[in-house]
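Before any questions on binding or motion, here is one chain by itself as structure tokens, the form predicted on its own.
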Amino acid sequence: MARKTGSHSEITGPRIRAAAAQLFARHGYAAVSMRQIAAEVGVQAGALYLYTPDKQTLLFDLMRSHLEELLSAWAAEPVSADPVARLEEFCRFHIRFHLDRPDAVFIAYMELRNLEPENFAAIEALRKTYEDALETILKDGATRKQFTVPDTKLATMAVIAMLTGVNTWYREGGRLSRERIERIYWNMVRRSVGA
């Protein structure tokens, strides 16, 4: 099928991804059709296949892009030598990064079940890289006797779940500022690891 008149790949491709992300986050991957995504963008359904081979690839690309951006942003953060300071930096970073991307976060956590096995393995590997960054901080702090953590893997998963949970209730302009939320969550995480 021919590209819509006035359509440009550098414009339409990102619009398709944005529409898919919004629809997947609002309705769930399984409930969204390629036809709905096309209608949201204003192109014929067949035109989507100029930009993605199928809906599964679109979901995978959205998740992979989110996690690669997360890992890249974390790698660019300044790193303190002290594990307590590093853990605070991680907590604050995680909240800041995720609050700005609620649809991507929802998709990355809630749509894993819809990935085909090969795609699931690739996304799990990226998630594990991020989880390993936090677990390394916790192990370092435990080794230095700054944290009391009976199982660093379990603590890693609990901390990430707690921090990501902010996205389920936070609304811009609510009674708590982002800075206050970061501070409160940091204090809860600090206490949970015995720091």
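Everything numeric in this text was worked out from a predicted model, so none of it was measured. Residue positions are given as counts along the sequence shown, with the first one as 1.
A second form of this protein, the form predicted together with a further copy of the same chain, is not displayed here; the remarks below concern that form.
- Of the candidates Ala73, Val79, Ala125, Met110, Met110 is the one whose heavy atoms come within 4.5 Å of a further copy of the same chain in the predicted bound form; the others do not.
- With the partner removed from view, the residue among Glu68, Asp151, Asp54, Asp132 that has a non-hydrogen atom within 4.5 Å of a further copy of the same chain in the predicted bound form turns out to be Asp151.
- For Gly42, no non-hydrogen atom is located within 4.5 Å of a further copy of the same chain in the predicted bound form, even though that partner is not displayed.
- Although the partner is absent here, Leu176 is a contact residue: one of its heavy atoms lies within 4.5 angstroms of a further copy of the same chain in the predicted bound form.
- a further copy of the same chain is not drawn, but in the predicted bound form it has a heavy atom within 4.5 Å of Gly165.
- Using a 4.5 angstroms threshold between heavy atoms, Gly46 stays clear of a further copy of the same chain in the predicted bound form.
- Contact annotation: a further copy of the same chain lies within 4.5 Å of heavy atoms from the stretch 142-150 in the predicted bound form, the single such stretch among 60-68, 142-150, 33-41, 46-54.
- With contact defined as any non-hydrogen atom lying within 4.5 angstroms of a further copy of the same chain in the predicted bound form, the contacting residues in 23-55 are Phe24, Ala25, Arg26, His27, Gly28, Ala30, Ala31, given in sequence order.
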